[in-house]
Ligand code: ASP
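Presented as structure tokens, the chain that follows is alone, the form predicted on its own.
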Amino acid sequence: MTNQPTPGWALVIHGGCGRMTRAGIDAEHDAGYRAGLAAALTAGRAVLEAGGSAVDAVEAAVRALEDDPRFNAGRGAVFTAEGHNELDAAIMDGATRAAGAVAGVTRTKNPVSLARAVMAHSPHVLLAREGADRFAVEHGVEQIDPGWFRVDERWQALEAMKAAAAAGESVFDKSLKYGTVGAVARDAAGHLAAATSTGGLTGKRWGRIGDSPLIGAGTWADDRAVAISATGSGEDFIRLAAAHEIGARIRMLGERPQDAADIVVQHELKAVDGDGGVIFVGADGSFGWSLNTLGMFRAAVSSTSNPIVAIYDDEG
């Protein structure tokens, strides 16, 4: 999906991708996912319509998704093998290429806002685990009892995984749903931004960190090219430096954002047996997504187009 370049603002969001089919999602859940996406789109759109920055818009949209228990970020995040929630997030300003990211945080209500605090108030890009938690407290980022993140459906998923492992069944399938949320935006001044947030993988161990908080892998913004937020098999996005790769193709080869995204997602990612998708907004104002899975929770709006909300691969 893509739109023609527009001189105004644009916003695209996602809520994860995977094996999503009409047969597998009932009408109630379908409507709930769409409502959550629409609400997040409205939050980011309000910023851009008021003349706000792309960075403010992506933070607002991702905060809304983090607060929605339907998605695997913030409240509703999946559980580690030990039964904890460990949250990752990143944000990047395409105008300056300043970036902030956190990994393995446990008490911050909105990890994307902590990532922004890292970008704004530290000399570093990525903080992890106890250090990131301590930074959050020192800089007044809202903290919450970890129980707030818990959603019974996520706990049941962990219990089901443990039962399958005990029965000798495979518990890792790269074609299943990947719960990550993200947003990319272009503001009225032509500046780009991207943000991504996730609870990671159900049953993850050893402090596993995926692509979402890694600048250039799952999150990227560069006013010279494109803003990207990814979702999918994180290890494969890391191996490809996929988000940066899309931007490099645009800058070095002169490819259109849609073409660059399609080449990386449909061909390069598949070449390493990777599943997933990206959303993008180009410096030229074009915007859209590319996915190689059966579905991706996604939505888009711009100053010259009406909102689009989609789940399945044949929509939008």
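We number the residues from 1 along the sequence you see. What you are looking at is a predicted structure, and each value in this text was computed from that prediction instead of being measured.
Omitted from view is the form predicted together with this ligand, to which the following refers.
Undergrad: Looking at Gly210, Gly100, Gly94, Gly74, which is the one with a non-hydrogen atom within 4.5 Å of this ligand in the predicted complex?
TA: Selected residue: Gly210.
Undergrad: Here the chain is shown alone; which of Leu201, Ala136, Met119, Leu214 has a heavy atom within 4.5 Å of this ligand in the predicted complex?
TA: Going through each option in turn, the one that passes is Leu201.
Undergrad: Choose one stretch from 192-200, 242-250, 105-113, 151-159: the one whose residues place a heavy atom within 4.5 angstroms of this ligand in the predicted complex.
TA: It is 192-200 that comes within 4.5 Å of the partner.
Undergrad: Whether Thr231 contacts this ligand in the predicted complex should be assessed with a 4.5 Å heavy atom distance threshold; does it?
TA: Contact check for Thr231: yes, within 4.5 Å of this ligand in the predicted complex.
Undergrad: Look up in the predicted complex whether Thr180 has a non-hydrogen atom within 4.5 angstroms of this ligand, and give yes or no.
TA: Residue-level check for Thr180: yes, a contact with this ligand.
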